[in-house]
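There is one chain below, alone, in structure tokens, taken in the form predicted on its own.
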Amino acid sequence: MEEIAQKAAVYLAHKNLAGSDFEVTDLSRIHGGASRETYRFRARWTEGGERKERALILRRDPESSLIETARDVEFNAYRAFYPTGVPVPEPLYLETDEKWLERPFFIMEQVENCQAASPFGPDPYGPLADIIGEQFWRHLGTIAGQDPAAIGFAAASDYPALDTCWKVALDYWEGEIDGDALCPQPIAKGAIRWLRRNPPPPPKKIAVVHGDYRTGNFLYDDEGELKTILDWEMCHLGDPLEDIAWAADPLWAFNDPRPGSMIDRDKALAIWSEHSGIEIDPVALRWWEVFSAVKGLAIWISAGKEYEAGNNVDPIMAFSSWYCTDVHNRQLVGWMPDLIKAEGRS
């Protein structure tokens, strides 16, 4: 930690020529992230004859990751959404030169005096569930309603065709399963065959998809105000229903019928539609819900491979590989009879 603190102070001095006597204190690791090493710290420096201080977050590429993501995608998402009113941390510096901290990283503001809820426990929000849920779905609708080009996000991402959003996403995650599976995955493969036989109606528009919008990936204060949305590393352009399906996945609700253990599903979807300006096609949403379980399996399978190989021994990797894989496999097994019947097959 001492070495990272010293090197971070040198980097901040390099980026802030108007300041001097930079120091980094209170550096600590925030565990639980699957794709970045995350550290919180306080930066102190002298500027204009005054001593200044700011709480910051450093997100560094790990030696091994649960999922392979580009740190510039996450940073550019913060940069694009910060001026829009969507609550995200202020992005400060993106650095790809490995001479500073051995691996690429970025630095952003730290939103203090907040908490994140665990998705793996009953009633994580208690009496704040309604007020948090309204904001959760409103912000997701606002994200989907943004023009990617107007906010500067599209410059860093490729636009898929409306009728290929589903295929681009499914091809990617099936590739992850094929590349990382340590044993046969018949349930995932069966679901993938169904998804390919039954492509969804195309979206009304191409939108920014957060990619991991769910319980646990935002911070809120004691009054229930949602202060910041985090973990944009899987952000991309695609069908906005992908985000709805992931946010409403039963995994994040621990046997609670309310998506994310917040507000009722019908109310959540109505709030999203109101703020996105998009009418939800139930057939398309059902496809994306099945896809979400497959996507989840791909992530958990990758976690198991990394943990088994000893590349990343963070307990979150073992937990994801065991518990989350089981949940999504059971989920797909439960859904498939109805899906096949609706497809007209016996």
Partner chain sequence: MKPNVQTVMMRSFERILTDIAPHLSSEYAVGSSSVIGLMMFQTATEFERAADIRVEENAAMRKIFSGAVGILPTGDLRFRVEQAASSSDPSLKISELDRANDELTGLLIEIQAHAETVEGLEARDLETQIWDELARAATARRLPHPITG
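Please read all numbers here as calculations on a predicted model, not as lab measurements. Residue numbers count along the first chain shown, from 1.
Below, we turn to the form predicted in complex with its partner chain, even though it does not appear here.
Using a 4.5 angstroms heavy atom cutoff to its partner chain in the predicted bound form, all of R197, Y323 and D326 count as contacting. Exactly one listed residue, out of A169, I132, V111, I187, brings a non-hydrogen atom to within 4.5 Å of its partner chain in the predicted bound form: I187. Residue-level contacts in the predicted bound form: of Y159, F120, Y82, Y93, one residue has a heavy atom within 4.5 Å of its partner chain, and it is F120. Heavy atoms within 4.5 Å of its partner chain in the predicted bound form are found in one stretch of 234-242, 210-218, 254-262, 139-147, which is 254-262. Its partner chain is not shown here, but in the predicted bound form it comes within 4.5 Å of a heavy atom of V333.
In the predicted bound form, its partner chain lies within 4.5 Å of some heavy atom of I316.
Of the heavy atoms in A55, none are within 4.5 Å of its partner chain in the predicted bound form. Residue contact with its partner chain in the predicted bound form: K99 places no heavy atom within 4.5 Å of it.
Scanning 206-237 for heavy atoms within 4.5 Å of its partner chain in the predicted bound form gives no residues at all.
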